[in-house]
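This document opens with one chain alone, in structure tokens, the form predicted on its own.
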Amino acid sequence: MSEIATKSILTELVSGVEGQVASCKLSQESEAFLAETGIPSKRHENWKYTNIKRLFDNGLTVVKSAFSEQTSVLKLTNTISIGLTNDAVTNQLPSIDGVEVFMADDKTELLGSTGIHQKEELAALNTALFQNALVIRVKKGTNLSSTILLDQKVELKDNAFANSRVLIIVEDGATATFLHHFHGTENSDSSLLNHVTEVFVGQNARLELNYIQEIGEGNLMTTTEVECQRDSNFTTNCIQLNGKLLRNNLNIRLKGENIETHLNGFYMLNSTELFDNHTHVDHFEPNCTSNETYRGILAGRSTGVFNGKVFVHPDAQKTNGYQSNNNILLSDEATMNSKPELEIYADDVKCSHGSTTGQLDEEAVFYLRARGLDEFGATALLLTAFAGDVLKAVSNETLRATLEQKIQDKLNSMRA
């Protein structure tokens, strides 16, 4: 692709990109993909409920954040914190035994090797524009007892656009837990943070990756691409609490035998919030398991989207694939669009999927009120228990207690 064509497609999508585009092969591949596809609109099947294109049509300008110290807003025990603001790391990188933490600005160290920039449009835009990626490598055999906290403060004003990137490598036989917290209260509803995480889980390695998303009136797009090797165990827990528009694309490839993966999500919407979760699990090899549980609570005029797909390839015999999406509507004006999918090309598998959307059980509410709770107390107790089936997968006890309190706080705000 010529330099003129490259500049044309990127400046057509966003302004302020001059001097930010690298000339490496990875960027060129991303730009070629974008030139062919553009930004998806509601006419695309995977985006028919989520209008991300409106932000680009209204005009977005790339912004860069400066280095500045910050302190985590989460008060958790046994954590090692790395601070970010928008697209920049904002404190000194920690020294951790058995772990390498560094910034990569030359798009090496497995960055882009998943090929996500040729499959997801906004991941391609991120790949073309990001300047520095935070790389965390947990070395072979390391058993990391502390949780690594990526504390990302999102501060984006009108029409601001930022790209951030993380690469996580958990080498053979290593064990680690991560928490990525996106937070901010002063974001504009015309801004966008576009984030990509690439994850490599080695042989016989274990990784728990937790997300908390609460960015006020801002818009957040995340793409997480995960590749697992044989005998590994990967768990992800995504908790969405507030944001004008939150879209998560989660793609997992099981590239060896005896892999176990757990995908858990909980989302809580009010007002006109729109939260969209798309998951895709590729089973390539035999004797692997994927368990997926997503639950949501929707109030006001909010809109939820869940589209989960389990793809079983011909060689993936003895696959166990489970998928469940359950939702509770607290308002007649709330909308949930749920589409769990199975695509199976092997004949010796155990796969199931299901989805339910409805209101709280009136008999259960009556039962609790008969024992002294008011209507809100009874409702809150049932909804907290509903969320608890997802939160129990969070191994860090103080994080789990913090999430329970955040859910209770949002319930209280709904009451007000």
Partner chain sequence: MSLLTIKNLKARVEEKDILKGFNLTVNPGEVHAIMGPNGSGKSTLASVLAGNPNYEVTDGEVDFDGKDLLEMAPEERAREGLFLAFQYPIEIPGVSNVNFMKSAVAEVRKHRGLEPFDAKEFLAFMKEKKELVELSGSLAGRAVNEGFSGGEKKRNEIFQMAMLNPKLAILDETDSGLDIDALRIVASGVNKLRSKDNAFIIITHYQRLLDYIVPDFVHVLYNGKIVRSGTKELALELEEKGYDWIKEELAEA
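Numbering follows the first chain given and starts at 1. Since we're looking at a predicted model, the values are computed, not measured.
The next section is about a form of this same protein that is not shown, the form predicted together with the partner chain.
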Stretch in contact, per heavy atom within 4.5 angstroms of the partner chain in the model of the complex, of 376-384, 32-40, 346-354, 49-57: 376-384
4.5 Å heavy atom contact, G358 and the partner chain in the model of the complex: no
K64: touches the partner chain in the model of the complex, heavy atom cutoff 4.5 angstroms: no
Interface membership of L26, the partner chain in the model of the complex, 4.5 Å heavy atom rule: no
4.5 Å heavy atom contact, A364 to the partner chain in the model of the complex: yes
